[in-house]
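Presented below, as structure tokens, is a lone chain in the form predicted alone.
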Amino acid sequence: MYEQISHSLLNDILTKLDPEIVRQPKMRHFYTRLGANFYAIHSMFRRLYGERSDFNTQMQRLVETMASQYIARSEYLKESDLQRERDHNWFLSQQWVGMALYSDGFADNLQGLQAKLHYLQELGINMVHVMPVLDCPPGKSDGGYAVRDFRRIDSRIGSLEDIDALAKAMHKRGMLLTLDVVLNHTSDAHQWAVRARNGESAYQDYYYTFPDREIPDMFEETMVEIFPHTSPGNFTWCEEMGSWVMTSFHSYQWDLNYSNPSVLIEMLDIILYWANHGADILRLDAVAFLWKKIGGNCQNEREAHRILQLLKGCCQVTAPGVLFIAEAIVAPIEITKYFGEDAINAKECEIAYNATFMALLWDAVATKKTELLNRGIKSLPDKLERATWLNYIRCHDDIGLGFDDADIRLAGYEPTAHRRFLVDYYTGNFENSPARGQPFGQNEKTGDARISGTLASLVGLESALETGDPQAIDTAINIILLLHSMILSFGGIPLLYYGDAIGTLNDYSYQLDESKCRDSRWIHRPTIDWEKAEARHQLGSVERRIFDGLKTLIAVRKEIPAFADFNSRELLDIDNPHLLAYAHFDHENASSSVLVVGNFDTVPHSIDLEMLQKKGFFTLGSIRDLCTGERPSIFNNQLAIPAHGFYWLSESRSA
């Protein structure tokens, strides 16, 4: 019955379309996709805004926004959409390997980034997440996430023409471009916020504003503080409006009010705008925070998922070849909901950050044990078939320690003491720790803290180079390669972080910048020293050992169909507290498997081959490590894994 009603409503909307839209040629694919998705779009829009008197007007605006951006979409991008619709699992391939970078830190600006694409291709990178490039107020940018203008590039980084040229250059090289859209908030200098401060009620409704503390105080009873050290509380007083404004992150970032459909339509228009400028993937920032309710922590609300489902449905009509990444750093039980619930195909975001795996890897490095890592992987919910993880070691953000307390206890630790140990270990305050990180987001009320630092400095390369200890340098390089071997083989899209491929150390210069000195995350947002990067071509250099090691792993990964992300991973119980082992099976050839084994300890460990044979491995031909093409070390039917070593093992193929 409701489908018939929605069909009638669609016809009514189409008859009222702007004449400029109606006159446009080549709209067949748009109307076909709109018809196929309209029931879901209308249903979700009705659930969110159906009680409003202007519902039909807003629904008309939504459809016209989709149509206008479809008209603006280039023929090249429309053809790409058709190709990806025909091969709808294209992004699950093992061929994709990403890197996240700040364009100004990587190569000064967007033009410099385009000139350095050859470096990325030399390494094997074919997906690039260009961190926020939009206009932000200097000194109050939050690393690019306090946007002043959603359609304007920061002039210090480049121009709109530069981003268009970058997208075209990348597509010619077979590379994917990922850009950010900050959904949860704007800068307080954004035009909407300026007009709200000037008294325009329509724009005051774009934000959460309150004349007194009554409602904010009720919110504060259950909301958590994101940055308690630098930005305590969740509301900021605006003198011009005489109102309290919700500011979940920083005082200069105003939370958008998605209970107002005008906000959703504006943000959809922005998403499609950047899709039309060549973005293959859009990283949607802070999606867990999109809906606010008194009595909860204002994260992971059902309405936030409905907003994402609505945005995805609309994008499927206008730009179906574009993927969404959910930036939701939440508990494992919550994260898979951002793929979409009760479905096979992703109804919200096709890609999500595997923050749990990242944090667990850091736990294993510090403890030299894998109990918590194994338990955490077992607790990771299954993803949808047409969805995938983004696996990473470092990113622009801090390392959070949001492990499940029950898993920590089962691994033999007390949760509070264990988290304190990890912070102490990675900030160099634990005896004999080689790490050189810094604490971030310290909460004096709870004692919680997170960790900042580059990969190289956190695993001990910085301290090893200071002392000139060759064994310590070897250990740090081995850990770097071990961690990358995990994210490259886990199943999903591996995302490297800029500078890690050449062992970039902490950048302490942020401490001299007044706008950055209170935010330790800037320690791992470096400016690449390209003279140092040239050392990757010098035999025996640290840079070459890391770069060539990663280059080999990436190349081998791309040749292993079993690493494609078709839910083919099986975690193995091998009864050794220092090893992680899992198998991958080729979804097109079940007899072809790869066994991944990593040793997080400082001494070698072994696995009984007879035990592996009982589990169905290595019963036929000879075993080969795909990374080296050589037979691994075997003694008395025991497979030996070196300290901080790893294998990608197979008997069905060689490197």
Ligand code: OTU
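One rule holds for the numbers: they count along the sequence shown, beginning at 1. The shown structure was predicted, so the numbers you read here are calculated from the model rather than taken from an experiment.
Omitted here: the form predicted in complex with this ligand. The next part is about that form.
By the criterion of a heavy atom within 4.5 Å, Glu348 is excluded from the residues contacting this ligand in the model of the complex. Although the partner is absent here, His418 is not a contact residue: none of its heavy atoms lies within 4.5 angstroms of this ligand in the model of the complex.
At least one heavy atom of Glu327 is located within 4.5 Å of this ligand in the model of the complex. Residue contact with this ligand in the model of the complex: His524 places no heavy atom within 4.5 Å of it. The stretch in contact with this ligand in the model of the complex, judged by heavy atoms within 4.5 Å, is 283-291, chosen from 283-291, 202-210, 257-265, 474-482. Interface residue among Lys312, His578, His190, His396, judged by heavy atoms within 4.5 Å of this ligand in the model of the complex: His396.
For the options Phe227, Trp90, Tyr273, Trp530, the residue carrying a heavy atom within 4.5 angstroms of this ligand in the model of the complex is Phe227. In the model of the complex, no residue of 544-570 lies within 4.5 Å of this ligand by any heavy atom.
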